[in-house]
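Take a look at this single chain, the form predicted on its own, given in structure tokens.
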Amino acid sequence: MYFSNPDTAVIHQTVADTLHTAAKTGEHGESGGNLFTGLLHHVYDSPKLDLPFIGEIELPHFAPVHIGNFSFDLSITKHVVFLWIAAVILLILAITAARKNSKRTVPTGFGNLVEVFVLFIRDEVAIPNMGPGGVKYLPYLLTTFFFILIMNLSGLVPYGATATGNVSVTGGLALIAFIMIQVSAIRAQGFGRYLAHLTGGVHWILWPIMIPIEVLGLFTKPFALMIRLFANMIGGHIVIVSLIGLIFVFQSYIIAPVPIAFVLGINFLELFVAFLQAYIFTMLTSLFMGLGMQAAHEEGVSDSHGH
């Protein structure tokens, strides 16, 4: 499912048509157009799926669901397919690692590799940001990290697509993070103290000002997570398309080695960014969860000192 906006759809189609037309104006227009279009498919979503030796496959399309001025498209798109693929890969890898580690006292091979990431998320992300109580949220943090990482890496393989380059996907991840942030704060503080925290601790006369600000602050954190991940993942693909497009802009393959050299460098950078953005999303989520949990701890300490 993804949110569709008529203006956004027009912009995407206009950009696609413009770039596709630019590709055809170069030498060997047909082959250049196919190359350019193949690169462009990494940037925007599509109702078709490209498979090697098979070609394009039309994905199921459903009528949009209209709610007021908004419409929700429940059609299966390329990004949805790779979202499912990432989920299946994560499930297989997690089960495989769990079985390998359960049979050995000292993990080896793939099980050891997974344990390295597990210990890193626990010791460097969860506990420093959330305290010892953050260990119980470790399964969520690990799932978030590996799920985002697999989706990021899927865009670097041939015929692949980066699902996290779709703002609807990052919006869904941010929505789940928002729920977990509030749940962890409520469980640590209690519902009464959680609501009292929205007043900012000021006099009740200032509540009409502070409460809207505090409520708005609850949504800015996951919104920042959504935009950060989306922009970083789609930005690299746009740069790659732009560099390859220089060949068609100058209408000469003589300058091809220079853009291709830059593209190779950016691909290696994208590999690093795939890990980095998965870590940043997980780290910031744990940090926001920890703020609510630490607020409860600080209130408990102040209450004990008051008594």
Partner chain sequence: MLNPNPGLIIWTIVTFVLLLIFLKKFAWKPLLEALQKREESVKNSIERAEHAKQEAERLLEENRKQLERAGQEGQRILNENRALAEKLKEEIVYKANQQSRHMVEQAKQEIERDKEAALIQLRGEVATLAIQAAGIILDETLDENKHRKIVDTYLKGLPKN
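Residue numbers count along the first chain shown, from 1. None of these values were measured; they are calculated from a predicted model. Between two forms, the rigid core is the largest collection of C-alphas that superpose within 1.5 Å.
Heads up, the form predicted in complex with the partner chain isn't pictured, but that's what we're talking about next.
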Flag G200 as yes or no: does it have a non-hydrogen atom within 4.5 angstroms of any non-hydrogen atom of the partner chain in the predicted bound form? no
I'd like to check something about P107: if you look in the predicted bound form, is any of its heavy atoms closer than or equal to 4.5 Å to a heavy atom of the partner chain? yes
Looking in the predicted bound form, any heavy atom of P139 within 4.5 Å of the partner chain? yes
Closest heavy atom of F275 to the partner chain in the predicted bound form, within 4.5 Å or not? no
Output flag, V183, R193 and T220 jointly within 4.5 Å of the partner chain in the predicted bound form, heavy atom basis: no
Looking at L83, L229, L149, V125, which is the one with a non-hydrogen atom within 4.5 Å of the partner chain in the predicted bound form? L83
Counting any non-hydrogen atom inside 4.5 Å, which residue from I280, L49, I238, V263 sits next to the partner chain in the predicted bound form? I238
Looking at 242-250, 266-274, 66-74, 49-57, which stretch has residues with any non-hydrogen atom within 4.5 Å of the partner chain in the predicted bound form? 66-74
Would you mind checking 169-207 for residues with a heavy atom within 4.5 Å of the partner chain in the predicted bound form? V169, G172, L173, L175, I176
After superposition on the rigid core, does the Cα atom of F219 shift by at least 2 Å between the shown form and the other one? no
Hey, does W84 budge by 2 Å or more at the Cα between the shown form and the other one once the core is superposed? no
Core-aligned CA displacement of F72 at least 2 Å between the shown form and the other one: yes
